[in-house]
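We begin with a single chain expressed as structure tokens, specifically the form predicted on its own.
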């Protein structure tokens, strides 16, 4: 039997913490192997007695007990090196000294001192007037230019929360759409595949259809010819036509009929748009392919066409509002492309617009369709003033904070469809700012003709990020999706004139509603914000309570009864 050693006691472990900073900036503290063990364990092995022959005797083991010292050093999240830390501390973002500025991606300064953080128009030069004699430019001057006003109208900014639904969805909001004919209806989709229909004038009239898709509802478009139906595309590989009144969905296509066969074959639908001129619904998947669905027969027509790099997501599709034959697409291959629907083939794009990173969205301007607005993951909003001119380089690049490293819905700069000058866009901000001690993520209104920040709106109760924002096509209303909640913004001055008393309405859903009932009793309809908006598991109490319509009506009825008595 070979000699063995037995551990009769364990050495003492001493943990030394780095006192330079209070918390470690890494998700998992790394331990240096060089400082793991100070000292060595000396073991003496027993020897067999030669005189006894086959009999072996074990002798006691003697050890020198020395403490093991473990050093917990701070590791940077960005470069994974020790000695410094980077990331968010409240509303402050600390840059890694080994990397360039997180906001503008340029070396030589930090995010706190970045000139683009102080003024978004810093470094933005308006495009010069191009005196071209091309036929397309002549058409633009004769047909489209008269529709653009010579004087820029005054911007109306909805800057006050009018009503909200807290935890309306079970997962984060991914897309928003206003109803084309009913001004009070807002449609929303979430990560779980649910479709919500909310009448924000009658706060409690809301419906959530949970059996339409199996996972993320990435995009949806309402049928302009039939306002009671909506087309949806999901990451489960299905496109559906949903009746808004009944919630009954008709499957238009299923790219995964055999179920899950592995990530290499699973197809997901991202980009979606409707071309009324041709009567088709356009959808695109995560393999770079485009599909067309006939709106009359609800069947897929033709074969899929590869419009982006094979294996890359096509996250956005948009048809030109005045020239339906023009299609704008964008994807994860760092390109936005313009296509002619009459000769749509692989590699037949009219123009390729290169970007440095993933393109989150690309849209034609809503009235004339002559401008292009793109949002890229490199913290840049790019603008092309005319699709009939030179598209070799963008007219302007606006630095804006929307490069995120969390599980969020992608930020997209959206046009204001009511702006006649086609210069106002809205987009949420990723890097938080310190407002009276609270870290808030504002929603920015930017004038893309100059790059100037027109307004930044925030609410002290909304401490989460608002990546999904949609402006109403007819009213001065902004809808924003923040985490699982929906918010409706209206202009402050107009709201104060119509309603001198602040009667903002809010509804708590799910767990928040149960907590409110336990706090106020089952008979109470007043929903406070004690359970409102959470950040990293912490509950943030509201400083100004919201009132729902029911509680307001009850208070009025009580006051009338007291007057009678």
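Heads up, when I say rigid core I mean the largest set of C-alphas that superpose within 1.5 Å between the two forms. Positions refer to the first chain, counted from 1. This one's a predicted model, so the numbers in the text were calculated from it and none came from an experiment.
Below: the form predicted together with the DNA, not depicted.
Among heavy atoms of residue 465, some come within 4.5 Å of the DNA in the predicted complex. The shortest heavy atom separation between residue 441 and the DNA in the predicted complex is within 4.5 Å.
Among residues of the shown chain, residue 377 is one whose heavy atoms approach the DNA to within 4.5 Å in the predicted complex. Using a 4.5 Å cutoff between non-hydrogen atoms, residue 115 does not count as a contact of the DNA in the predicted complex. Partner proximity in the predicted complex, defined as non-hydrogen atoms within 4.5 angstroms of the DNA, places exactly one of 447-455, 249-257, 399-407, 205-213 at the interface: 399-407. Exactly one listed residue, out of 81, 99, 152, 474, brings a non-hydrogen atom to within 4.5 Å of the DNA in the predicted complex: 99.
Comment: the DNA is not present in this chain, but in the predicted complex one of 93, 363, 335, 178 has a heavy atom within 4.5 Å of it, namely 93. Taking a 4.5 Å heavy atom cutoff to the DNA in the predicted complex, the one contacting residue in 175-203 is 191. After superposition on the rigid core, the Cα atom of residue 306 is displaced by less than 2 Å between this form and the one not shown.
Relative to the superposed rigid core, the position of the CA of residue 363 differs between this form and the one not shown by less than 2 Å. Put the two forms on the same core and the Cα of residue 404 is off by 2 Å or more between this form and the one not shown. Between residue 406 and residue 283, the Cα distance is smaller in the predicted complex than in this structure, by no less than 3 angstroms.
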